[in-house]
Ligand SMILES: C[S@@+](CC[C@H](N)C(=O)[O-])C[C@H]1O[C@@H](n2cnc3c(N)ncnc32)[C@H](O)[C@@H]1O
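Next up: a single chain in structure tokens, the form predicted alone.
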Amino acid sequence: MSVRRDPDRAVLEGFHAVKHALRFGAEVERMVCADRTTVQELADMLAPDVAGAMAQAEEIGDAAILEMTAMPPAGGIVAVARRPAVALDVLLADPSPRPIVLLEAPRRLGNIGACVRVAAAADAAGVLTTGVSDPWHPDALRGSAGLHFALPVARVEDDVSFGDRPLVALATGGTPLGPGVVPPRAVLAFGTERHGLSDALLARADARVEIPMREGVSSLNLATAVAVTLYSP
């Protein structure tokens, strides 16, 4: 089985993805690079906190690197790490006010990664997805720059229960987003740009919130909508 399709592992392609994975405690099983000197120079300049770990990368050359990846990685470095287990019950029971981001049936892997990156930056409690797309696909990890390791990321069933957390649907016709509109510990549900959230999820929602937009603008990019919501007062 190709390591890119291994459900127990994460393939980290590029300097920033490897940097963030190391920084947030990834269990790296293998790290390879095309040119250790280049990687070390980047690490010394941009990530001195993990430069020592990056210095352990095995130098295997460009051709061998390309056999592991879909495209040449930035910085010429690739790592394979264990996917961390996510205890959904522990995540949902977290008493802190931090929200959880729920992406309903996202289709574009790069968008999933971008949402994880925003959620990590905003210190969200976690990112959950439904549907067929694997949120840990290497293309999603590329989009998150390896920040999947900074917070829990997992795929769940469509009808998963969120316990005592309020389910807030980001959808048209809701209360305009603003100070105090989103309750603490909310599960913030986002649909696709084309279809939005399903009727089934909207029916389950405890509240509906709308991002105010100029007339004529029909939607925002998924990661942009997540960013706007997470950074709203």
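Note that the structure is predicted; figures quoted are calculated from it, not measured. Throughout, we count residues from 1 along the sequence that is shown.
The same protein has a further form, the form predicted together with this ligand, not shown here; the description that follows concerns it.
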Requested in this report: Tell me, please, which stretch of 41 to 49, 59 to 67, 202 to 210, 23 to 31 lies within 4.5 angstroms of this ligand in the model of the complex when heavy atoms are compared?
Outcome: 202 to 210
Query raised in the report: Does any heavy atom of P166 come within 4.5 Å of a heavy atom of this ligand in the model of the complex?
Result: no
Query raised in the report: Would V181 sit within 4.5 Å of this ligand in the model of the complex, counting heavy atoms only?
Result: no
**Report entry** A53 within 4.5 Å of this ligand in the model of the complex, heavy atoms
**Finding:** no
Query - Contact of D35 with this ligand in the model of the complex (heavy atom, 4.5 Å) - result: no
Query raised in the report: Judged by heavy atom distances of 4.5 Å or less, which residues of 159 to 188 approach this ligand in the model of the complex?
Result: L170, A171, T172
